[in-house]
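The chain that follows stands alone, in the form predicted alone, written as structure tokens.
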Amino acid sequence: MGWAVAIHGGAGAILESLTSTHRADVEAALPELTEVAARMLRDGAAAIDAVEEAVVALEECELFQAGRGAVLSAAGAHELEASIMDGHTGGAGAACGLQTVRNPIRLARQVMERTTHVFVGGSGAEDLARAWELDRVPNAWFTTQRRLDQLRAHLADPNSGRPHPATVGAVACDRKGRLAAATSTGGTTGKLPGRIGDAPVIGAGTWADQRVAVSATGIGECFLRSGSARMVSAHMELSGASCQAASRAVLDAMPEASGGLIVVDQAGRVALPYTSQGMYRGWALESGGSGIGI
């Protein structure tokens, strides 16, 4: 047994939107972002702390689709969502409909630890962020030119192209075998105001128990309908499959090119399957193995 971490920066039609400059930027960022959690786990941190900090780093990096650099709704605004789950305690927290919370994953963690609830949204979630003195920013702070261009293209022709990479996430196993998962997103380009995807839904976009931790990315509606993240654990429990075989089976049962999963089990084994064109991903193991992929 040893610590392990995996992160993702979204799955989708990567090759259709990947310029050489963006590819170089992503390839430079992924090792640094993976190291955020790896460094913590190396120093003995708990998995739940490692995944939170990894997702905060991803939310702060405008290359990916959460926090700064999140996509815009059809109304031209950002509506952010996130969830986190601690496999050791069974605790979970989630938030959606956020417009000013700089790091949605921070709010999800606080919901898990400071309330008896799992899921909060909209103005109530914003009020909690204000009361708990979490960092808040104007909605326009999340906007980048790249996302504005994507929205304009979508509004001009909603049927042009397939979904671009969406959502960020992290899963980790610490040195005590504790597991945790976290996921954050801005949704999908041109979404209806008020639309909620799988990222903040425990069991669909995020799951962690004492067996496995999972974070999903791709077409949110597909993961919502399938309960995909929880299904990986159920498949392992009922069939005795490895995390690699279980996560692949779950994806193969979903519609074509739905997206991908990052998965880690209690023994520190990692799986990163996807059925879309690609998935931004990075991983590191106590055994010394590490890497990135697009």
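Keep in mind that what you see is a predicted model, and the values were worked out from it rather than measured. The numbering used is simple: start at 1 and walk along the sequence shown.
Not on display, but discussed next: the form predicted together with a small molecule.
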* Where, among 90-98, 189-197, 206-214, 130-138, do residues come within 4.5 Å of the small molecule in the predicted complex by heavy atom distance? -> 189-197
* Given that the small molecule is left out here, which of Leu72, Ile219, Val111, Ile202 has a heavy atom within 4.5 Å of it in the predicted complex? -> Ile219
* Though only this chain appears here, would Pro104 touch the small molecule in the predicted complex if you measure heavy atom gaps against 4.5 Å? -> no
* Asked: Is there any non-hydrogen atom of Ala166 lying within 4.5 Å of the small molecule in the predicted complex?
  -> yes
* Asked: For this chain shown on its own, do Thr34, Cys173 and Asp265 all sit within 4.5 Å of the small molecule in the predicted complex, going by heavy atoms?
  -> no
